[in-house]
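Okay, here we've got a single chain as structure tokens, the form predicted alone, with questions on binding and movement later.
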């Protein structure tokens, strides 16, 4: 199984001032590549916290994707933290500097903007066609911007280089039922095939209790079999299946 983690970096996410949109995008894109997003962490703009999280995640998962903290301001410390995690110095990347000079012009390429040309020694650049300030890769860690539109173009530029597995398939059905009435039967279905993940998501709409059941897996036959078992369970419980 090819696995991944996302490390979201930024005080603004934890404070609630900024809503994260990157995890949803990455989760969907990775699933399409057959890469299981197994963990998401959010940490403050704190070097020790970033290093601790990176050391744990990069040892545990095939890939780690970070978002945030590579801009020009004083609290953008992700580059320094990644360098510390890998035990290498931060250096001025000549190609990154060239791209920024082309974007801003030498006259406007001040110290703050030049900070975005710094990478850990040995890093490989990740292209940014929006603003030219690149992300970078260190081993299995991909360091990207926090701005969703930029992170998306960065990821689109690297996704073909990722080794994936079989794409994750999904089937769903919504029942007019209470989750507690389904629990025993769903446990039986889940125990019958550990390769298929069964998710249960209750809502209360229009005065009715509804449950959307989702079966996920990489084998279409097994996913379809699990969904068939769910429909059989619904019939046994006289639970209406919503169109």
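Residue numbers count along the first chain shown, from 1. Model, not experiment: these values are computed from the prediction. Note that the rigid core is defined as the largest set of C-alphas that superpose within 1.5 Å between two forms.
The form predicted in complex with a further copy of the same chain exists for this protein as well; it is not shown, and the discussion that follows is about that form.
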**Request:** Considering a further copy of the same chain in the model of the complex, find the one stretch among 133-141, 118-126, 146-154, 83-91 with heavy atoms no farther than 4.5 Å from it.
**Result:** 146-154
**Message:** Quick check on residue 14: any heavy atom within 4.5 Å of a further copy of the same chain in the model of the complex?
**Reply:** yes
**Message:** Residue-level contact is defined here as any heavy atom of the residue lying within 4.5 Å of a further copy of the same chain in the model of the complex; does residue 199 satisfy this criterion?
**Reply:** yes
**Item:** Partner proximity in the model of the complex: residue 50 to a further copy of the same chain, non-hydrogen atom cutoff 4.5 Å
**Value:** no
**Asked** Can any non-hydrogen atom of residue 190 be found within 4.5 angstroms of a further copy of the same chain in the model of the complex?
**Response** yes
**Asked** Which residues in 2-30 have a heavy atom within 4.5 Å of a further copy of the same chain in the model of the complex?
**Response** 11, 12, 13, 14, 15, 16, 17, 18, 19, 20, 21, 23, 24, 27, 28
**Message:** Superposing on the rigid core, is the Cα displacement of residue 55 between this form and the one not shown 2 Å or more?
**Reply:** no
**Message:** If I superpose the two forms on their rigid core, does the C-alpha of residue 30 end up displaced by 2 Å or more between this form and the one not shown?
**Reply:** no
**Asked** If you line up the core, does residue 46 shift 2 angstroms or more at its C-alpha between this form and the one not shown?
**Response** no
